[in-house]
Ligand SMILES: Cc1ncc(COP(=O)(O)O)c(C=O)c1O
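Just the one chain here, laid out as C-alpha cells, in the form predicted on its own.
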Amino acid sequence: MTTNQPDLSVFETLESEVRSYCRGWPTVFERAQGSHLHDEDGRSYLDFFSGAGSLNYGHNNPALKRALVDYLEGDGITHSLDMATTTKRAFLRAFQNLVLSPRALPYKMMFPGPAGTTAVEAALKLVRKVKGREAVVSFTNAFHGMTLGALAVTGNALKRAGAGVPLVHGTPMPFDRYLDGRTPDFLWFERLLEDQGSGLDKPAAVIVETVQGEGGVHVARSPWLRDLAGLCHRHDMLLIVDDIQMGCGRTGAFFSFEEAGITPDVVTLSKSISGYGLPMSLCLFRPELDVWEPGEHNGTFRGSNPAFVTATAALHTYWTDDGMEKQTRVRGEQVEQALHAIRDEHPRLGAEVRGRGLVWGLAFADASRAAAVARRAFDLGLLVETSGPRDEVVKLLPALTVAPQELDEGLRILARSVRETG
C-alpha cells in the first residue's frame, strides 16, 4: 500500500528526544473508534496496544462518551481538588456497590493524583508511615512507575539509571519462576527475614504485580501469590498489589489478584479506571491503615470530575454482572491458541507464549526479532509494543471490547509479521 510520507518535522524539531512510542509508529494519528486508530492520511490501524492498557473499553466508547459529553454540555465541574462533588459521590457509590462489596473487599479509597506512579508513591508513603520502617521489597523485572519512589522498586536498569540519584530503601527478590524452580519459593527471602545477621532491614511492605507487563508478561501462579501473602502475614509486612495495568478486567476478573484468593492490604489502580483514557488513579487500603493527616499527601489534579463521570459509566456498563469477565476469558483463549500456532510454526525461533486474560506476550530468544515483528506489524496495520528487559517480547493488549473478527484479523497480521521477518 502506497502512502504519503508523514510530516513529522514539528515533533522532531520541537519535542524532546524522550519520546518513544512514536518512533515505532511513524505516522500522525487523527481519530480513533473502538479498536481502530486512523492517521491523517486515512489509513486504519488495528490497536493491540490500547494506550498501554488505559483503554480497556476501546477508543471513544459510545456509552462513556455520551456520559462525558452530556456532563460537559451541562457545565459540570471539571476541576475540584479533593472537594465533594456529585460526580465523585456517584463514583464512590458505584465502585463500592459494583466492585468492592460483591468481592467482600473492605477498602477505603484515596485519589492520589492523575497517574499510576502517583498511586504507587502514595502506597509506599502510607506503608512506611503505618509500619515505621523504610525498606520495601519488590521483585525482579518489576515496573511500578517513573517517579523516584516507584523507580526504587522497579527492576529495569535503563529506567532506574534515568533517576540520576541513588534509589534507596528498595530490595529486589526473585519473581515467580525467576530461578526456574531450582530453589523453593521464598526460601532465600524468608531466610533473610529470620536471620538477624542477614543485613536485610525489616521491610514495611512487599509490592508485586500479579502479571509483569512491562517486565515481559511474566505471570505469577496463584499458589505463589498465596504463599507471598502468607509470608507477609507471618513477618508483619504489608502486601501491596500494583494493579495499574492488570486491573479493571485485563486478566478477566476486575482485580488480577482475585483468582489467587488473596486480599492485599493496599492496591493501586490507574490506566483503565477512568475507562476513557482520562488521567485518574486510586490507592485502596484497609480502613485501619488510613492514618493520613489531612493534606499529608495531596496534589492539584487528584480529583478529575470528567474521569469520575466516565469511570462511573464504565462500571455501570460493564461490571453489573460477570459478562465482561467471561468474555475476556474467551477472547484470551482465542489469543492463546493463535500464539501457540505461531510458536509451533517457527520452532527454530525458540519463542515462548506467556499471558492470561487479554494480556499476552510472544517472547523471542533473539531480542531483535520482537522489534522486527512489531515494525512489520505496523507496516501491515497493527499496533503492538515490545516489553521485557531486552525488549524481547511482543506484547498484546487488545481492548476488552475487541470483536472476535478483529482479534482474528490482528492475530493473522501478527502471524504474517513473524513469518515475513523470519
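One rule holds for the numbers: they count along the sequence shown, beginning at 1. All figures in this text were calculated on a predicted structure; none of them were measured in a lab.
Below: the form predicted in complex with the named molecule, not depicted.
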- Query: Is there a heavy atom of Phe143 no more than 4.5 Å from a heavy atom of the named molecule in the predicted complex?
  - Reply: yes
- Query: Does Leu100 make contact with the named molecule in the predicted complex, using a 4.5 Å heavy atom cut-off?
  - Reply: no
- Query: Is Ala115 a contact residue for the named molecule in the predicted complex, using a 4.5 Å heavy atom cut-off?
  - Reply: yes
- Query: Is Thr310 close enough to the named molecule in the predicted complex to count, meaning some heavy atom within 4.5 Å?
  - Reply: no
- Item | Answer range among 236-244, 217-225, 301-309, 80-88 for contact with the named molecule, defined in the predicted complex as heavy atoms within 4.5 Å | 236-244
- Task: Pull the contact list for 194-211: residues with a heavy atom within 4.5 Å of the named molecule in the predicted complex, in sequence order.
- Result: Glu209
